[in-house]
Structures are given as structure tokens and as C-alpha cells.
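The chain below stands alone and is given as C-alpha cells, in the form predicted on its own.
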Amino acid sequence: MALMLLSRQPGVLLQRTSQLFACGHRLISQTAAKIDVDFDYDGPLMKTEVPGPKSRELMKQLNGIQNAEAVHFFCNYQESRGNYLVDVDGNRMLDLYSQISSIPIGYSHPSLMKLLQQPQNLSTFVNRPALGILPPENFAENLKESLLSVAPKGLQQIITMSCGSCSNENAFKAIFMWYRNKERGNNNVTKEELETCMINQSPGCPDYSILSFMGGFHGRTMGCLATTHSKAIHKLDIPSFDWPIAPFPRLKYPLEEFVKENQQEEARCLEEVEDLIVKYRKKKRIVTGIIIEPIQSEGGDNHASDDFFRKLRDITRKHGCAFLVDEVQTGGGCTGKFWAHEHWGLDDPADVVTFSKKMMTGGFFHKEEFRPNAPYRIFNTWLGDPSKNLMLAEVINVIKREDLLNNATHAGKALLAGLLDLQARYPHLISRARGRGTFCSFDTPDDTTRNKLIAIARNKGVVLGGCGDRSIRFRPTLIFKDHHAHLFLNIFSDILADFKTKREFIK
């Protein structure tokens, strides 16, 4: 597809011209886009295959000191900007994966670069405090300007962490403490509890559990792994807990054609949730909380209806369980709302909401009753990083100033509409196209086809990610716009057309 630049000066129009994909096929786009080319490049530029020779040499070096088999390629972050990731071989790629959904406003954003250059901020970046015991004087103020300014409805208590796994791990602990405190009627801890917890026995270490869903991913620490059910490689050889696992709805697409079937599927899963709660209570492994992602991400971008989540909330309230919403990958605006669970319209807010990735730092919001009742109960050395809160405050300013939540909705519609069009033309390669905002995905026939499509796209200048058994997921930045969607769709359309004609690809 042709891409014609009228000018390379900042702020001018980038006129894209689209051609017919093949005889009789319509155009995907004839749009014009305004681009600041000092920040966002005008398109992919490929010099070598990916990984190129420099990346392969660096892979060899790294593999000598650690297992580097998961590395895709090495990056030149100094040259990366906007929606474009540059590798060490000089290849410039449109990044629709954004570091596994963790880059909020693009690479090398001018507002963040300026923030780091301001003298008054140097101390925050140089001196990392042990926040639990020695926080800086402006810490509470910075939390109000950053995380608390976007707090989910009804949640004004917050604990910061360094990553998504430790956010969920410590959220579990907060839930267990809350539940045990309810059981003991807010009375003092007994001598027996203090003694038995030191040898990993009850009543000091009660047999509590967290209910999770098949296909969910909540992290790789010990507690989180007990609730993670996306890929065997994450869990193999690691001891785990006997905690309940409920089925997550497997919806049929297109949704409007399978309304009754999908309602029955969701009802089946909700019934299983209640059955498991009762079953584990009889086993004396009480379900104290339920954890769920608004969209199961690592497990295959699995969606459920807003009504499903509202009814799940009702179940947690009925059985006295905490409702923990894992927004590590969905939080930060990519679905068109700052928190994906805002789409549900809950009457009673979630009890706990965990976050990381696009939020620059990790942690969890929670209701007042989940506040630890003593120091050091939820604790580690760093408890996050004030410099990340400072950066998040500026990210939030950019999101509001540039109306990026609406942008995610608008760009997401363009992306999903294009995927649906490609699905109609290449149904043997694309199925179940789905999405909310730019949080889009589709299925391929199998993992071999999926992996080949991702590799071909990368060599054509587009970075994509996989999830589940055979899905391709899209995780662009919040500055991903319509013209980026159309640029990708044009490139991918050519890939699919060529893929169809080469028998070796579809064997």
C-alpha cells in the first residue's frame, strides 16, 4: 500500500493514499492525519530481517549468562519514539504490542522527557526511598496528584507496589487478613494463632482460598500462580495450593447471532462459581475472595458481558467473598475508560482493584475495611517508586489534555472495523475478531499459523503479540490513532493476501 508524504516538517499533514487490495476489494482508508514527526515517525522502515545480525549477536552474548530464548530482538530505545520501536539493526516498526501493554503514551514522549530534565525532580529519580519507613515529604501529595486522581469509584485507599505480580500477591494477603478479622469478630489475635503461624499451621495459617478462572493470568509469584491458568509453562514444576478454578465463559461470535447461547454459557459459569464456593466451604477451604480480569489477556483475550460481571459481583456479596478485579493489563485507558470495569456499571464497587503496566507503577486500590490493621502486614523495601508516581501524574495530564480515552475508543473502532473486514475476506485465517477500545484481538487457525503471521508482520514493520492458544492481540499506546490503524490494516491485508497464495504457509 502506498504512503505518500507531502512534507516531513512537524505538524504538517501526512496524506496517505490507499490502493485496492485486489480486483473488486474496497479501500480501507483514504484519511489524512496530522503528525508531529519530531515525536512520531511517518511509517515503518525496514533494513534487515528481524532479528537482524546485531540482535542475533547480542542474543548469543546474553544467552551465555542467562536463558535468552524468549528474546525477540534487541532495541534502540533512544531512537524509538511515538508508536514506533527501533531495533539495534535500525529497523523501525509500528508497535502494536507496546512492551506487553505497558507503554501508555508512546516512546520518548516529550512531556516525560521534559519532566526528567527538570532540576526539582532530580532527587526523586536519584534517591529511591524505602517508602514504608522513610517516605519523602511530598509522597502523600504525589499520590493524590497521580494514582488517587484516577481512583476507581468507591476506592480511596491505596498501597503501591513494583509490579503486577506483587500487586496481586499482596492484594490476596489483604483479603485474607480482612476475612480473618471478620471471623474473629475484630477481637485480639490469640497466643495460639501467633505460635501456629510460625510453623505454617492453623489457626495461625488458616486454610483460605481465592477462586480464579480457567484462562486467567495473575502473575508468577507463588500465590498468583495458584490463580494463573493460561499456559502450562508458567506453572510447571511449581508447588501450588488447592484453590478453586471456575470456567470462564467461552463466547461465540458474532455476539448478535449467538445471544441465547452466550447467555446460557455465562449462566453455566456463574452456577459453577457458586457450586465451587459451597464445595470448598465443605472442604474447610473457605473462598475468601474471587479474582478476575475484565478481559482475560494472556489466556486468549476472552471477553464476557457486562451482565456477567454484575452477576458475579452479586455472588461475591451473597457469599461474603471479596471481589478483586485485576486491571494490570486492562487499566490505564486502553478500553476507552480509564478502568475497564467501569464499563460494567456496578452498583457496589469492587473491593480491590490491582494495577501495573500502563500505570507506570504497581499496587492496589481497596475499600477502607481492607486496610491493614497493623504496620508491616503489607510491606516490602520499596513499595513502589515515587519517581514512577511523578511520571504517572504527567501521563494522566497528557491523557486528559489530549483526550486520549476518547481517542482509544475512536481508534479502536477503526481497528476493529478493519479486522472484521479482513475476517470477512480471509475467514480461513481470521476468526472471532473482538475488542473494546484498542484492546482488540482475533483468532487464527492454530498456533503455527499465528506465530508465522506475527513473524511475517514483524519483518514488514509491525510488532504484534500472541496470547492464548492461537490468538493475536493488539496492545497499542494511547496515542495510537486512526491513521496508525489504517497503516497496519493495509500492511496486514497484503500479508494475508500473500499468505493465502503460499501453500507452505498453510500446510
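If you're wondering where the values come from, they're calculated on a predicted model, not measured in any experiment. Don't overthink the numbering: it's just position in the shown sequence, from 1.
One more form of this protein, predicted together with a small molecule, exists but is not displayed; see below.
Please state whether every one of the three residues 42, 84 and 95 places a non-hydrogen atom within 4.5 angstroms of the small molecule in the predicted bound form. Per the other structure, none of 42, 84 and 95 touch the small molecule.
So in the predicted bound form, is the small molecule close enough to residue 165 to count as touching (4.5 Å, heavy atoms)? The answer is yes: residue 165 has a heavy atom within 4.5 Å of the small molecule.
At 4.5 Å between heavy atoms, is residue 357 in contact with the small molecule in the predicted bound form? Yes, residue 357 lies within 4.5 Å of the small molecule in the predicted bound form.
Distance check, residue 217 to the small molecule in the predicted bound form, heavy atom within 4.5 Å: Contact with the small molecule, yes.
State yes or no: in the predicted bound form, is some non-hydrogen atom of residue 328 no more than 4.5 angstroms from a non-hydrogen atom of the small molecule? Looking in the predicted bound form, residue contacts with the small molecule include residue 328, since a heavy atom lies within 4.5 Å.
Answer range among 217 to 225, 105 to 113, 122 to 130, 427 to 435 for contact with the small molecule, defined in the predicted bound form as heavy atoms within 4.5 Å: It is the stretch 217 to 225.
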